[in-house]
Each structure stands twice: as structure tokens, then as C-alpha cells.
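One chain is shown next in C-alpha cells, namely the form predicted alone.
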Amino acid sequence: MRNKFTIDIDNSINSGQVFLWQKSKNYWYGIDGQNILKINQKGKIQSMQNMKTSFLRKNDDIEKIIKSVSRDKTIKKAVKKYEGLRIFNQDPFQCMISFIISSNSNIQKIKSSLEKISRKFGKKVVIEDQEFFLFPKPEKIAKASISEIKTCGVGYRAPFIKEAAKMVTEKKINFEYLKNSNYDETKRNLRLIPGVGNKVADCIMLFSLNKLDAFPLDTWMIKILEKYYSKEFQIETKTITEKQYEILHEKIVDYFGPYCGFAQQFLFKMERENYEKKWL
């Protein structure tokens, strides 16, 4: 089947995957690790430093993926409404820190903390008369003190951020290895990082480590499954245990298939828009 990759850039950026992005006129500008990206409304992407990027995952066979996840009227409705919604392939270290910060937080707060981290520890770059701050390299954060990291508004997560950076620097976490590992092995490794639970690990895997079978289950997604899929996934409790998360994930993969991460994004986007929740 021929791959017709078209992207709705506004909806894809405003879907809870990325935070260090801002819109100026008809372009979105974003930080992706050591890269600065510029995307127009048609989804044409440019690295402002002429670096290679696979950020938009243009090799995904979207028709195949959407056909695979379209299992019922709810997901079909979400797919139809947000047809151009796509999953990004982010810089793994930035993605990891973003979702460690995301615990018990909201999108505006996450964005603000990440901007402060970039300003404090990242390199300043001026392009097209605009000032950007690259996301700091792991070594820079690993060397920072916990009190310095705390000034970025991350609260109790500061030691987790430092330790995560340290583990990447010491090669205890190897992103290339994890990209080539299966879901279970990747999750097992990520869970060794303080502040990385099941949901955060699933976000890192889905948005930066090529695991399209990851399905982050936060309170929003639990509510969505209870509302639309109570027959398929019987969820009896508001908070789910480690074991329940594991069993639920297996049922989800069984139901939505190997690209269930896309189903998660479509459902999450639709429900948050229904409640008119704020994005970037």
C-alpha cells in the first residue's frame, strides 16, 4: 500500500508529545535536543542547522497503521476528526527529561520548566534574528547541583533529573541499544531510572524510541478506556497497580494491534479537545 504521509502540524504539536515549541506567523519552531527545527503548515521540515532529522517519521506507512488501529466507531471517529495527527521521533534525552517533569503536572508548567532548563544549562543559538536555547547535553545536567536544577521549577523531580542525566552519561542507559530492543527489554531498562514509572516509560518509548506498541496510561487514558471501552478493558480501580498496568497493556496490544500507540494519541487528542483543555 502506498504511503500517503500528510501531517496536520498544529494538531500533532498540540497533542501532549512535545513542549519546547512555539508558533511564529506560519511556522512552528522547536528544539529537538541539539537541533532547531522549523516546520511550515504543510509539514515541510527544515533543520535550521542543516542536521539530519527523522522527526516527522515520514517512513511510517500511515494507511497501514490507521487501518490496523481502526477497530471500532470511537477510534474511527477520532481518526476522522484528527486525520493528520502524527507521532514524532524526538531526541530521546530531551523526551526522557520532559516526561520525568510531566508527572503530576500540566502542559504549561512542563513547557515553562523545560524552557528554564534550556536557558540555564543549554547553549544559546541565534538564527534568523531569533534567539534559541538548545536542550542541554546530559553531561551538563549530570554535573549540576540539585539546588541549581530546582531553580527551574521542577520541585521534587530535581534529583530524578540529575540521576537520569548521570545514567545516560555513564552509559547505563543507552538509547541506541533501547531503540533496537523490544518493548519489555526497553521498559525494564527505563524503569531503572528514578522518577520513571510505567506511564513515563511508555511516553519515552512511544515518542523517542520507536516503540509504537507503547500505550501511556495516565489518568486521562484510564478515564477514556472506562468511558468508551468498559466492555473490552474492565478497569475496576481508579489507580492501577504495576501488575494491572502490565495486564491492561497486553489487552490493549491484543485489541488495537502493534501500532496501538497511535490509537492512544488519537483518543487522547479527541477527549482533551472535547473538554477544551489548553495545549501549548
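Remember, it's a predicted structure, so these values are computed and weren't measured experimentally. The first residue of the shown sequence is 1; numbering continues from there.
There is also a form predicted in complex with the DNA; it is not shown, and the following applies to it.
*Asks:* Could you check which residue among I107, A142, V125, V79 gets a heavy atom within 4.5 Å of the DNA in the model of the complex?
*Replies:* Exactly one residue meets the criterion: I107.
*Asks:* Do F99 and the DNA share at least one heavy atom pair within 4.5 Å in the model of the complex?
*Replies:* Yes.
*Asks:* Is F268 close to the DNA in the model of the complex, meaning a heavy atom pair under 4.5 Å apart or at it?
*Replies:* F268: contacts the DNA in the model of the complex.
*Asks:* Can you tell me if G155 lies within 4.5 angstroms of the DNA in the model of the complex, counting non-hydrogen atoms only?
*Replies:* Although the DNA is absent here, G155 would touch it in the model of the complex, with heavy atoms inside 4.5 Å.
*Asks:* Would you please decide whether K243 lies within 4.5 angstroms of the DNA in the model of the complex, comparing each non-hydrogen atom pair?
*Replies:* Contact check for K243: yes, within 4.5 Å of the DNA in the model of the complex.
*Asks:* Looking at 147-155, 166-174, 117-125, 82-90, which one sits within 4.5 Å of the DNA in the model of the complex if you count heavy atoms only?
*Replies:* Comparing against the DNA in the model of the complex, the contact stretch is 147-155.
*Asks:* Is every one of Y29, K44 and P138 within 4.5 Å of the DNA in the model of the complex, counting heavy atoms?
*Replies:* No.
*Asks:* In the model of the complex, which residues of 30-64 put a heavy atom within 4.5 Å of the DNA?
*Replies:* Contacts from 30-64: none.
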